[in-house]
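A single chain comes next, written as structure tokens; it is the form predicted alone.
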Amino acid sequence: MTRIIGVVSGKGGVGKTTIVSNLGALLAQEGKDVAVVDANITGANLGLHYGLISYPISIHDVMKNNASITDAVYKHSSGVDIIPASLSFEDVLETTPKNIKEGLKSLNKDIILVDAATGLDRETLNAIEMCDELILVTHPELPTISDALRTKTIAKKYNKKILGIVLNRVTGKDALKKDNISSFFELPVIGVIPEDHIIRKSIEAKNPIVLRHPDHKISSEFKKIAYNILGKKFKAKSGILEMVVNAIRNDVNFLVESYKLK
């Protein structure tokens, strides 16, 4: 059964597209048949995050009934299927948002991630309608949180399940902490992505950071979110200090057991 999961926010610039592109690659690595959809039909850029620049058919053509959903699917080397939106300004002007949920379901994917538009206009509501579940993305700052709360309210009116919150572009100066935000939204925080120039470098390289730098700490944070989606427990790789502590602990346990045997 296909799960259609929307990545939404209340404000632009929070990093939804970056989160969708990285989660898509990770879920494919976990053996899932994954598609990512650019439902931001007036501000398309999801395809660019994967290096997809030129393509003859887009989600705009599907919404205008000029093409089928399968015609708009492009395979990425990571295993992710991309359904991009058009970069043409004319397509933006000529396209009315349309619910294509049944078409997406017909692809028979395990998981489809929808990169939703920002705000609370028809374009965003259409993206929310497509989805079964949602992930809410926000910065840990009051104005952005306020906008995200409005999005949560809309999602509840549409009876959509919200998997949790992703805090993106977090810095050490942010006063609002993870636990406070979780309590405020009454939702779990399933990921905390720090602000780091390496993400921008990956975007410029048109290659998600989880593929370009799979062992980076930020890739581990993305993996936590992917594992949460899959209902799996994530265990980070042990650092040097943790490895030393575990080695000492094992030695102590061995000595204790040896003493008991005597």
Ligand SMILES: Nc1ncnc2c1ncn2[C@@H]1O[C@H](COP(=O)(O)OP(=O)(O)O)[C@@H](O)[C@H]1O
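Quick caveat: nothing in here was measured; it's all calculated off a predicted structure. In case it trips you up, residue 1 is the first one in the sequence shown, and so on.
There is also a form predicted together with this ligand; it is not shown, and the following applies to it.
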query	finding
Heavy atom within 4.5 Å of this ligand in the model of the complex - residue from 230, 67, 203, 52	203
Contact stretch among 25-33, 56-64, 209-217, 195-203 - heavy atom within 4.5 Å of this ligand in the model of the complex	195-203
This ligand contact at residue 144 in the model of the complex, heavy atom, 4.5 Å	no
Close approach of residue 168 to this ligand in the model of the complex, 4.5 Å, heavy atom	yes
Interface residues of 1-37 toward this ligand, as seen in the model of the complex [heavy atoms, 4.5 Å]	12, 13, 14, 15, 16, 17, 18
